[in-house]
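First structure 1, then structure 2: two forms of the same chain, each alone, as structure tokens.
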Structure 1
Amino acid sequence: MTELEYIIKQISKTNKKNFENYVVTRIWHGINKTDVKFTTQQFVNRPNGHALTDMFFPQFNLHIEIDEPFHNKQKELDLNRESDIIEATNHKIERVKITDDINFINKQIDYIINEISALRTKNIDENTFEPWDLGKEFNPEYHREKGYLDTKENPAFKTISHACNCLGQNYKDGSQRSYVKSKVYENHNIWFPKFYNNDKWDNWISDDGLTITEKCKTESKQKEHFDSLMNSSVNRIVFPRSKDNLGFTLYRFKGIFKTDKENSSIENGIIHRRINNRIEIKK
């Protein structure tokens, strides 16, 4: 996929939503820098639950919401449990209010364009700007050089092997195991759960991203699974499998989790609590 294709795919998510298409294209063309990344229709985790933002600039943790009169966004929130959801705590939201007055709308958009352009310049000046690079973003080597993964930056990989190898494994693609025992981090497994319905497991993560509930759907194995976890002290480095807004599979880092044995049960599931939102990469 070229940058152009990526941008056009993002814009095309707004195709049937004419005001969104107007605002999104005006902002993007107005910024006029191909080193700035955006997504459209991005699901986010907020302290009070999931939400959908119309445009998201990950380099600046900035979201755009387009407020259309008589348009109830809740209705179109077609989130499913496979959807990619990013952490958005402390992210900034700018709103564009749609009225009949095109000059008023354009003024609001000009303000946002200026704001983003200024943030970009500031980050460049402070040496903290990471130019958007499709080839780099999901590359394990890029993250290894950075030296950490942090949920605040919403890092993600395209494959299980990329995620594993970023953490020092030497994993070959092919076997798509949902568990990989870490060779580098003692007493840690790297886990690629599905938080959407599947034959064997009913697992989910809380809206705030802090709690995972794990339930084995095969009744005959529930007790064995429960007992083995109660006797284990292995933490989990978690990369749930999801689909991004363009339909591509992603494994996004969600932190390190520890089993909460006290609150786990066969009936209600095994509870895992996030104990760290960051992992240092050992070289």
Structure 2
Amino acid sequence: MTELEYIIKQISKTNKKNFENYVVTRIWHGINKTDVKFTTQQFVNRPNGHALTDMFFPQFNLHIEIDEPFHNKQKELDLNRESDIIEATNHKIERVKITDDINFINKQIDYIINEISALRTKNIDENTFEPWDLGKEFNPEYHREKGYLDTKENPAFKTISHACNCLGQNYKDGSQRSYVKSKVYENHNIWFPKFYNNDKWDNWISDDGLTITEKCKTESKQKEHFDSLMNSSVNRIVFPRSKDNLGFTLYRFKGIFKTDKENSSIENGIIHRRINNRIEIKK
């Protein structure tokens, strides 16, 4: 996928929402910088369910919400939703209120464009701006050259092989192994869990990303699996399988986890706690 195709796909998700389409396209064209990344319909976990924000700029942790007229009837719901998003992400939210006055709408949009431009300039001056490059975003060699993975930057890979090879495994494309012993990091395994209920496993991660619960559903293997982990001191480098907001499967780094043996049980599941949100990539 080229950067142009990516941008068109993001904008196309607003095609049937006239006001949203107007605001999103005007903001994007107003910024006029192809090194700035945006997404539309950005998924955000909430304590009960999830939210989809209308536009998101990950380089600046900034969400844009577009308040069409029907929002006047659900102000309390919107405030609760916004509070949940801020608490879950520590990101900022800007709102664009839709009225019949196009000049008023454009004034709000111009304010957001200026805010993003100022943030970009500030980050460049402070040498903290990471230009968007779609070719590098999922490239193992880019992350190896960078020297680390950090959950704060939300790194992801398109395949299990790419994630493994970023950490020195040297696998061929097509590997579907969900659990592998690291060749580079002593006493660590690389884990690719699915956080949804299936025939063999019922695994989930807490909303804050700090705790993973792992439950084996095959009764004949439950005790054996539990005992093996209780007798192991191996930590897990975790890349859960997920989908991005365009529907593509990704394996996103969630940190290094250690088994909490004291609070684990066969009945309630094996608990893994995050002990590090960053891993240094060994050359």
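The first residue in the sequence of structure 1 is number 1, and each one after it adds one. Note that the rigid core is defined as the largest set of C-alphas that superpose within 1.5 Å between two forms. A quick note: this is a predicted structure, and the numbers were derived from the prediction, not measured.
Note on provenance: structure 2 matches the form predicted alone. Once both forms are fitted on their core, a CA shift of 2 Å or more is seen for D101 between the two structures. With a cut-off of 2 Å and the rigid core superposed, N187 has a Cα displacement that falls short of the cut-off between the two structures.
For T121, the Cα deviation between the two structures after core superposition amounts to 2.3 Å.
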